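One chain comes next, on its own, written out as structure tokens in the form predicted alone.
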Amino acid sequence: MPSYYELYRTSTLGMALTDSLDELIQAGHITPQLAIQVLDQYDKSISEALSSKVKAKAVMKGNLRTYRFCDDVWTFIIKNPTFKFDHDSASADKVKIVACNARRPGE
């Protein structure tokens, strides 16, 4: 079975899922093995949903301060970024972008 990146487990949704699974394990309602299966399914589902259902595009401008490439993962630190969407915009002091290879592991 191919594995998926665990990148989205640190999102708000992923952390909430992890916390809920931990509570269920502590209460004895599920086994740790079932929790791992649920997280693996979450990794697969979120990856497939983002690649097939999200069609939004954005334009970003900012000052690239740091970039690195390690183990097929790009990391960018951008200062003073501005994001422009179709009908909205957003800005921040700093943003960290982590980009992984689009191919599924094992392909």
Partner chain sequence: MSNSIVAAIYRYVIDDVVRNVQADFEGHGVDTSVLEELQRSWEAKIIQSRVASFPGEDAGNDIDNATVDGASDDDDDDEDSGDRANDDLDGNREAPEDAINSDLDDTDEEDDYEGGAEETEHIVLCQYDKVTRSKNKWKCVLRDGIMLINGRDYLFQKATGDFEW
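If you're wondering where the values come from, they're calculated on a predicted model, not measured in any experiment. Residue numbers count along the first chain shown, from 1.
Only in words, not in the display: the form predicted together with the partner chain, which the text now covers.
Q: Please determine whether Q26 contacts the partner chain in the model of the complex, using a 4.5 Å cut-off between heavy atoms.
A: Output for Q26 is no: heavy atoms all beyond 4.5 Å of the partner chain.
Q: In the model of the complex, which residues of 41-63 put a heavy atom within 4.5 Å of the partner chain?
A: Going through 41-63 in order - heavy atoms within 4.5 Å of the partner chain in the model of the complex - the hits are Q41, Y42, S45, I46, A49, L50, S51, K53, V54, K55, A56, K57, A58, V59, M60, K61, G62, N63.
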